[in-house]
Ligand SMILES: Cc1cc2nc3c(=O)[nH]c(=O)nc-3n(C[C@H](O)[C@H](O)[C@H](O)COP(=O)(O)OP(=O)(O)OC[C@H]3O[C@@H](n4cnc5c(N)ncnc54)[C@H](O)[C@@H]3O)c2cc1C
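As a starting point, one isolated chain is supplied in structure tokens, in the form predicted on its own.
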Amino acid sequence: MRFRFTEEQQRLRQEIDDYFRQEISGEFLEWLERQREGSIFSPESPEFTQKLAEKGWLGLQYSRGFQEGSIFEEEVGYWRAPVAYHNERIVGAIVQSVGSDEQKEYFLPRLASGEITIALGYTEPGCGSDLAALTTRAVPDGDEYVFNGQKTYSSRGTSANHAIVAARTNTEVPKHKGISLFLAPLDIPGVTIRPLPMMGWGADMAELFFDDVRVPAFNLIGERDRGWYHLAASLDIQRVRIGEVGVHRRMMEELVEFVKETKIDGESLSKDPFVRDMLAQRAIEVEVARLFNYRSVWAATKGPVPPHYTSMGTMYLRETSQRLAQTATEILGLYAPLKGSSKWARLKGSAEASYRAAPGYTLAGGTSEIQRNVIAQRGLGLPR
């Protein structure tokens, strides 16, 4: 397979790159660095996000295609831009795939404009990897559904105004067959949001509590009781981690520049064979991870993405994330744990932030064990 972007797509990448280079500078860049130092690994700026929405870049997936949307996300990751569009992409893909014409007309423009922002309402205290064991209920009552239950580890739970919620709508069938997906507002009576700060991922995680919450039936996305299958398809989209590819490209560039410029006893650190070997290995892995994700992006233009493609991509990328954070720590030595505000910090504290976030990489969105199961069963055809 030869993956290559068109000239038009390359111009789009250059336009986005030029814009971020100009905008993410000066006082705004200083603000971003302070946010990361305050344990917010991926800060958000509603004002900056609105600028991108006005340029039409948040809706690229809908207006131009999955490849164009992926180009945008990779550049967002590379520039560490303060916009969290990952969840909106997932929900937009669900609405595009199984939503009614009325839902597409209502939700997609609002997702693209930034008017609707999304938290993920999947995991519960008693179920994570076995998501089909969820117990949150949604009971029909006229033209509404009444929700009761709890979600935890909801990314962007403290800042989003909607959540994509998986809830049980049928208790008389096997657990995989009684789940539905809803796009539920979070600013309505009965919803309680409790921040759940994470060590490396900041304060945007939350627990969501639903106590007799009434959600319009219009917000049921896809067929009732078929939500598990819609959810599985959305996870395949979620596991295209192209934004994280951009993050790793940036980290590699910074590390290479650091070892070139740093001297120990008059000798450039780049001449140390141990350092050279580590960086060479990481460079290989980052490029392989990039191509894994590009393959999934390419497959999305041909039809449904094979689940094992995205599981291979996300597992390899996220284990590479941990190895890259470890390598940065070893190269920087005692400078590595310093936050960006320290006068002794190197790389503006990015090694510290990456290392702090690293443990969660192989948990969020499905553990590495889950990804390997998908690869084995749906990629290799092996039995459960």
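Don't overthink the numbering: it's just position in the shown sequence, from 1. Every value quoted in this text rests on a predicted model; they were computed, and no experiment measured them.
The form predicted in complex with the named molecule exists for this protein as well; it is not shown, and the discussion that follows is about that form.
Comment: the named molecule is not present in this chain, but in the predicted bound form one of L111, L120, A138, V245 has a heavy atom within 4.5 Å of it, namely L120.
From the list 128-136, 184-192, 258-266, 284-292, the contact stretch for the named molecule in the predicted bound form under a 4.5 Å heavy atom rule is 128-136. By the criterion of a heavy atom within 4.5 Å, M205 is counted among the residues contacting the named molecule in the predicted bound form. Although the partner is absent from this view, I370 contacts the named molecule in the predicted bound form, with a non-hydrogen atom inside 4.5 angstroms. In the predicted bound form, the named molecule lies within 4.5 Å of some heavy atom of L363.
Put simply, Y153 is close to the named molecule in the predicted bound form: some heavy atom of it is within 4.5 Å. In the predicted bound form, no residue of 247-263 lies within 4.5 Å of the named molecule by any heavy atom.
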